[in-house]
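Quick heads-up: it's one chain on its own, the form predicted alone, in structure tokens.
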Amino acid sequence: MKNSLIVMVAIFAAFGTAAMARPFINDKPAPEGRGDLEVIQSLLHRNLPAARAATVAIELEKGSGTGVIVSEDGLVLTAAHVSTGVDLDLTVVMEDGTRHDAVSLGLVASSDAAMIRLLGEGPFPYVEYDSEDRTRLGDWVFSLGHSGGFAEDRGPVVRLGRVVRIAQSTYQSDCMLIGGDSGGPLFDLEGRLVAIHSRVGQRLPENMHVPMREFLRYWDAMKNGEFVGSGPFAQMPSPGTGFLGLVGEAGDGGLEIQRLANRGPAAKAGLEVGDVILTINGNEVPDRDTLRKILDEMAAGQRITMEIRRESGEHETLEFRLDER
């Protein structure tokens, strides 16, 4: 009974007041006994369910990554090398296996920070993030990630560790991470998001994370869909690489389609020979030269909005993406 009372007092001290003061266990070089370990365990158990519910898998063409929801309307933080670009279509998988369409917002190519947006109806489960940069060297943290891809019977994997290095734009922890964890969340023991997984080390306990201060620095730019800077984590699309897959001639009020490439993006979008292209992305297309100039400024994968007139005289608006030349 006496030992249980001591443990409960220690746990109460770790939780602190309503403001949740810094847990004392962070300031110890190592746990000194069972009581310290039970404090860590209790804090982890208290905050893990909400953290898991907000941690999502992001399905990619090759493999998968992880992200975490930070607002009830579906704003997700992840790594730039997971989202790979701006305004791309993605699929996000919740902890219970529910799938949602999503679109990538902006990213920071130099530091590996990125945002995406869920397109389904909320409210979504989400976590609070550390906006005051409270993490210190040696702090206990726990990581979540869909290691190796989404598995509904397992969910996101949790690892416990400590922050072993702090640099200007990175944290290093000794949490064990593997492929598929990239873009996942790193939490403090109070359940606040403090960083996003970036580089998984060749040795499992050597992993880098992008701290929240880096996200906050570029928050508005990423939310507005900007591709920020240059660096190793994402490559800006090259203008002129977009492929439409049609040949046209000047017609009545626009560019009349003469030929379509088999399985090209135009054909797959439902365009037909005889259709007249009136506008692309709001710009009139009176002839072939105008179409060429528009495409010279567009990149592979970029979204295109096209207003057309069918042979029947009916007007339609199509939206699709360009392929690569």
Partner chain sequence: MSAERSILLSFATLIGLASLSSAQQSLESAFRTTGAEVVAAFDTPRQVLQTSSAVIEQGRTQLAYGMVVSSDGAILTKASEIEGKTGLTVRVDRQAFDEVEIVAVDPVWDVALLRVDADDLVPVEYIDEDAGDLQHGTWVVANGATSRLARRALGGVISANAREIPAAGGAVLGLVMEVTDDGVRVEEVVEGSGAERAGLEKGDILVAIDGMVVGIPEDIIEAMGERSAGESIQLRYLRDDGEHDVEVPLIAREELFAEQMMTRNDMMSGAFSKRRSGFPRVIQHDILSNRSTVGGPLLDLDGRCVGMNIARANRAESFAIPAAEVREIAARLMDGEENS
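Everything numeric in this text was worked out from a predicted model, so none of it was measured. Residue numbers count along the first chain shown, from 1. Heads up, when I say rigid core I mean the largest set of C-alphas that superpose within 1.5 Å between the two forms.
We do not show the form predicted together with its partner chain, though everything after this point is about it.
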Only one of 119-127, 248-256, 154-162, 98-106 has heavy atoms within 4.5 Å of its partner chain in the predicted complex; I'd like to know which.
154-162
Could you confirm whether D287 comes within 4.5 Å of its partner chain in the predicted complex, counting heavy atoms only?
no
Even though its partner chain is not shown here, does M94 get within 4.5 Å of it in the predicted complex, heavy atoms only?
no
L44 near its partner chain in the predicted complex, any heavy atom under 4.5 Å?
yes
Closest heavy atom of L48 to its partner chain in the predicted complex, within 4.5 Å or not?
yes
Residue within 4.5 Å of its partner chain in the predicted complex by heavy atom, from A221, M236, M176, L88, is M176
With its partner chain left out of view, choose which of G191, G231, G225, G149 has a non-hydrogen atom within 4.5 angstroms of it in the predicted complex.
G149
Within 4.5 Å of its partner chain in the predicted complex: residues from 94-116 (heavy atom criterion)
none
Is the C-alpha displacement of R292 equal to or greater than 2 Å between this form and the one not shown once the rigid core has been superposed?
no
Aligning on the core only, does the CA of K28 end up 2 angstroms or more away between this form and the one not shown?
yes
